[in-house]
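A lone chain, given as structure tokens: the form predicted alone.
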Amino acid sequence: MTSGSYSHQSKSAVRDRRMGWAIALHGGAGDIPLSLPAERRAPREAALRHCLELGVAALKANRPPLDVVELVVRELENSPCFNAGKGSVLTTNGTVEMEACIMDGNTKKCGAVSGLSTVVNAISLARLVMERTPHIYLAFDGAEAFAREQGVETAHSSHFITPENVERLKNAKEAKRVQIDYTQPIKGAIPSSIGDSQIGTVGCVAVDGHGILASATSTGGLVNKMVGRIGDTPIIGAGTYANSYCAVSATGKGESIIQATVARDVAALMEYKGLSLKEAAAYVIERTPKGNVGLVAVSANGEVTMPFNTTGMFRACATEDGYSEIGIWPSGINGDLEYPNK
């Protein structure tokens, strides 16, 4: 069987099985302790619920999936609970370097940015790169200059620096290490009111009733990372990908996600091996070193999956057939939530 005929049969099968719109989002994956106190857990679950409801309403209003994922990620960026936008973690120099990526599965058009220090919503600048330049990826001074040209909202770098992240950088420096999302408190560090500063990369994937897909991801990177380090988030096929089969947004240790080409591999396994969305995502997660990755994904026929090989992943999803979920740890552990979509 030729690859062309295989692809045609796969797409026909998808059309036959279509279940309607679906959406999934994440707020980061990592070593999230089961002892996470309620005062740190509740605001993040509330933020996930709010953003899920926002995305569902947009899909029900027939807004394009690209608009939906941008809308949801902007809202996540505006929350100090997560490692993106307002809650971005700090580099070894105590500065913020935000990055983001957005991709339209229907056209494979995409835009990415890195090294932002003043742009309030990095995801929207990534979309402007996609729509208003001949390029895909802009970074650092060039990306900041483009933001000014486009008149996007900016703020002084102090807007993005929270007391929690100043404390978290201090602890990381004392331990002489770089921290991925949700690293537990450093042994021997001075206890503080912020605990382990549970924040993380954000992302959203969506599909409409016509099978059009989109993905968006945004992050502040790693705590105490070297200035100029770029992670998986803005790299097409690593942290972010969408085509006619699926849309994927990954989170975790960027270096491992880049090495495993996580997002593209999920799509490739569906396209070339005929695996279902859940089979493809599970295979990719299993083959990535344990403790390093999580992802959310939707397929063209409205399937959704949110696997991870870390202790937990802040996540939420909803489908047109009425299923909805908000969770942190594996289902059923420590009271993770599942509830019907109203």
Partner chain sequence: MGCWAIAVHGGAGVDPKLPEERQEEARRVLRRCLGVGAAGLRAGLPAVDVVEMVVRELETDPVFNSGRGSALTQEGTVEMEASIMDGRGRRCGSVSGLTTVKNPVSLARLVMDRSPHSYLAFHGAEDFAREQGVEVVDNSYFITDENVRILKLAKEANSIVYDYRVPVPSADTCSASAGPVGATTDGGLQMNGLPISIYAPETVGCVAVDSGGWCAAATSTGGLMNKMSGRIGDSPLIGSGTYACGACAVSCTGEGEAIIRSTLARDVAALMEYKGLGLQEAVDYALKERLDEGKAGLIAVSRNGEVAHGFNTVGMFRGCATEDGFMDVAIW
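For clarity, every value in this text was computed on a predicted model and none was experimentally measured. Residue numbers count along the first chain shown, from 1.
There is another form of the same protein, the form predicted in complex with the partner chain; it is not shown, and what comes next is about it.
Though the partner is left out of this view, K60 does not reach within 4.5 Å of the partner chain in the model of the complex, counting heavy atoms only. Taking non-hydrogen atoms only, A268 approaches the partner chain to within 4.5 angstroms in the model of the complex. Taking the partner from elsewhere, S157 is found to have every heavy atom lying beyond 4.5 Å of the partner chain in the model of the complex. V152 falls outside the set of residues with a heavy atom inside 4.5 Å of the partner chain in the model of the complex. In plain terms, the part of the chain that comes close to the partner chain in the model of the complex, with a heavy atom within 4.5 Å, is 104 to 112 out of 67 to 75, 158 to 166, 83 to 91, 104 to 112. Contact with the partner chain in the model of the complex holds for none of A282, C317 and Y323, as no heavy atom of theirs lies within 4.5 Å. Out of the listed residues I236, V96, A172, A214, I236 is the one that sits within 4.5 Å of the partner chain in the model of the complex by at least one heavy atom. In sequence order, T107, K108, K109, C110, M130, E131, R132, T133, P134 are the residues of 107 to 134 having a heavy atom within 4.5 Å of the partner chain in the model of the complex; the partner itself is omitted from this view.
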